[in-house]
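Single chain ahead, by itself, as structure tokens, in the form predicted alone.
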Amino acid sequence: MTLDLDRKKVVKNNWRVTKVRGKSALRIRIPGGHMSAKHFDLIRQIAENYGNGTVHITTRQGFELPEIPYEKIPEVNRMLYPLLQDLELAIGVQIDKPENGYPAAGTRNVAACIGNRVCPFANFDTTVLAKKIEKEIYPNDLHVKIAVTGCPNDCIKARMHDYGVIGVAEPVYDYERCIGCQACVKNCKKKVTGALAMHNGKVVRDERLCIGCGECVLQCPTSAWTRNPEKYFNLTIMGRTGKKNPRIGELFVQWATADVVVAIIKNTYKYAEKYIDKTLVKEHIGYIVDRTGYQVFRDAVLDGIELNPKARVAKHIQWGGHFYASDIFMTDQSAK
């Protein structure tokens, strides 16, 4: 590593300071995890001509190209323009000088499962929403991770992120088409939450237990169940990995519209800028919430937002997570 290297500038430019002296690793954002196959040619060209010929697929659905010399960063940044044009500028992200590469790295790539373009379980087009969120939050230096998943199966592990956006379907029941086969009831009891039950020959849905998975729609042989065309989302908050206190995100808002979800996420940046600990190099958003408390966070991110009529907000959230000081481990091996 050269002595005149500006580490902060390199990292902000979406390059990684690596363990290999004099070489960096380029990180490429793929909002929603979806892009045209034509871009593989450019990625291959950069990896082979400037790096070590390999590409790492990151856990955030981006690409990392290792062992690119620091002195080649400006040249490679200029080569990235077609990627930035198609994946960022085309969806409305504001980048003043795209020829200089990525302008920020703090807010991570918005990840998404494949959505209803392919998956029959998904309740909406995850890529469209991921790009809509990307447009509103990038570029930004605040450390925030967001993931979007098409249904409560949560294939993208949305609950492990600061914000997990889970697509849910409001099932609409047509009694006239129902033949009372109970396929939906049995499936919900066995595979989901048991939100459905038979009552006087009619299927009754317990709204408290329904998680909007859409399984009843898929199981019904007569289309007595259909998805409400209005799209709704559950929003989980402050899941995380890491060394200090890894934990699963908890449900914050249920049955919100996409506009409400995006507005809440945007407001989070105002909240973080107000309460972040500026003595730290960076502070994960979840630890800011831990410090201020849920009520302060809740009131800040909902400020000025008109919730849709179906939306419900958690009054209280009690996080668990993993704490390392415990007595669960045996010290006496004879106790096996």
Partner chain sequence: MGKSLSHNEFNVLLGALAKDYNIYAPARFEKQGRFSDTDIIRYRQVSQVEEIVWQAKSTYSPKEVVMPVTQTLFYFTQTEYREPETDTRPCLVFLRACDINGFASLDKIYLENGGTEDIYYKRLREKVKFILIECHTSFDNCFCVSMGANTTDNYSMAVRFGEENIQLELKDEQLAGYLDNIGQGNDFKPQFIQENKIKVNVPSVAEMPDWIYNDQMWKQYDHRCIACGRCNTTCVTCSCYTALDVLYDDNCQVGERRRVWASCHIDGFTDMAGGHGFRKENGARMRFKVFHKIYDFNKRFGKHMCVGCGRCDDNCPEYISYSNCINILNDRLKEGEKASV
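Positions refer to the first chain, counted from 1. For clarity, every value in this text was computed on a predicted model and none was experimentally measured.
The discussion below concerns the form predicted in complex with the partner chain, not included here.
Phe124 is the sole member of Phe124, Tyr163, Tyr102, Phe252 with a non-hydrogen atom within 4.5 Å of the partner chain in the predicted bound form.
Checking Lys72, Arg205, Lys231, His143 for any heavy atom within 4.5 Å of the partner chain in the predicted bound form turns up a single hit: Lys231. Of the candidate stretches 73-81, 177-185, 255-263, 93-101, only 177-185 contains residues with a heavy atom within 4.5 Å of the partner chain in the predicted bound form. Although the partner is absent here, Leu89 is not a contact residue: none of its heavy atoms lies within 4.5 angstroms of the partner chain in the predicted bound form. Residue contact with the partner chain in the predicted bound form: Leu218 places a heavy atom within 4.5 Å of it. Among residues of the shown chain, Pro120 is one whose heavy atoms approach the partner chain to within 4.5 Å in the predicted bound form.
The partner chain in the predicted bound form comes within 4.5 Å of a heavy atom belonging to Asn116.
Every member of the trio Asn200, Thr222 and Arg227 reaches the partner chain in the predicted bound form with some non-hydrogen atom inside 4.5 Å.
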